[in-house]
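Shown here is one chain on its own, the form predicted on its own, set out as structure tokens.
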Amino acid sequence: MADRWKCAVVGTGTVGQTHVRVLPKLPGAQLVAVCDVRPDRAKSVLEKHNAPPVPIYDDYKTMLDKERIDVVHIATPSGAHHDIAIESMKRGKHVISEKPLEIQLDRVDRMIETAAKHNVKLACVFQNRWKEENRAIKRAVDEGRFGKLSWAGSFTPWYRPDKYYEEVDWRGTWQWDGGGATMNQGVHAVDLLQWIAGPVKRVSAYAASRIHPKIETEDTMSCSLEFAGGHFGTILASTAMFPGMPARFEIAGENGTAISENGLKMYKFREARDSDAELIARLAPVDAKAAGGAQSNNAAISSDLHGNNLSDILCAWREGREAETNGVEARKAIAIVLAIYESARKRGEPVDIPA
């Protein structure tokens, strides 16, 4: 593996800008090229973030032909991830894709298989795993502090105006977005849910576009679910809840309850530890308005969390390990979301999560 990763970013829209902003600051990483179907936008993004003056391409294959690249960062519309990833990995490049890894399981599986065949690495960005409060809750679950789990839920009660869907033509489409509020916004919380609370066995969901009549997909989804461990749960994903509220994760069992929402909102166990008080004080929730966040502004993406996630991926690869958010792991959230959509099409009929 490389000592200094030569990285290229494909797609310099909202989330691609975050990669452009973060990469030059990561030890052991070097931004060497960017690609966008709108080169003028890519040029503006590089200038805006004082990035190094790297070559700009409007075709990723040409970029791969001409540049020495170790890692391709994909930040295009979700339904365009597959072809870029496959071509890059066939050429011996590692791939980091924005969430979701792709929008169909067969495409995800081809990506995973191609990585293995060509001896390269594949990983996805799920930066909310690097929030300290979420990692604290995950540790408590792994340590068995909740005892037998009863329930867990993830909530993404966000808001987007019509302009959000109108300013780019791929949002809210099945072909390129892969869904609406669940696949685009809620997938982060779905990933947290399965990562922390365990594998999901079955879902029953309802979904529709409540306030955005022009989009193909849902702007509101409500789901009940059963985990493989026998406990139950809830998922909410919406872009129709003005003014937008922070994402929230909750988990509870016979010996404890924890809630993360802009910090560690609750962290209480039957058997308290001395370290709990320090953790609660250090990770106390911040005011939603002061925290900002993506609940009402799609551009409010934390570069710190992205930096932590990307750094962890590159560090794992340098050490010869799979990243925490590797392709197989990233597939799990997509499988849950697609089962939710199938159930919603069947008006809440239970759907099992496929292997």
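These figures come from a predicted structure and were not determined experimentally. Counting begins at 1, following the sequence as shown.
Just so it is clear, the following notes concern the form predicted together with a small molecule, a form of the same protein that is not shown.
At the 4.5 Å threshold, heavy atoms of D36 reach the small molecule in the predicted complex. Though the partner is left out of this view, V10 does reach within 4.5 Å of the small molecule in the predicted complex, counting heavy atoms only. At least one heavy atom of S78 is located within 4.5 Å of the small molecule in the predicted complex. The closest heavy atom approach of V15 to the small molecule in the predicted complex falls within 4.5 Å.
The stretch from 246-254, 124-132, 195-203, 219-227 that comes within 4.5 Å of the small molecule in the predicted complex, counting heavy atoms only, is 124-132. Residue N184 is the only one of S88, S260, T156, N184 with a heavy atom lying within 4.5 Å of the small molecule in the predicted complex.
Among K93, H231, K99, R145, the residue placing a heavy atom within 4.5 Å of the small molecule in the predicted complex is K99.
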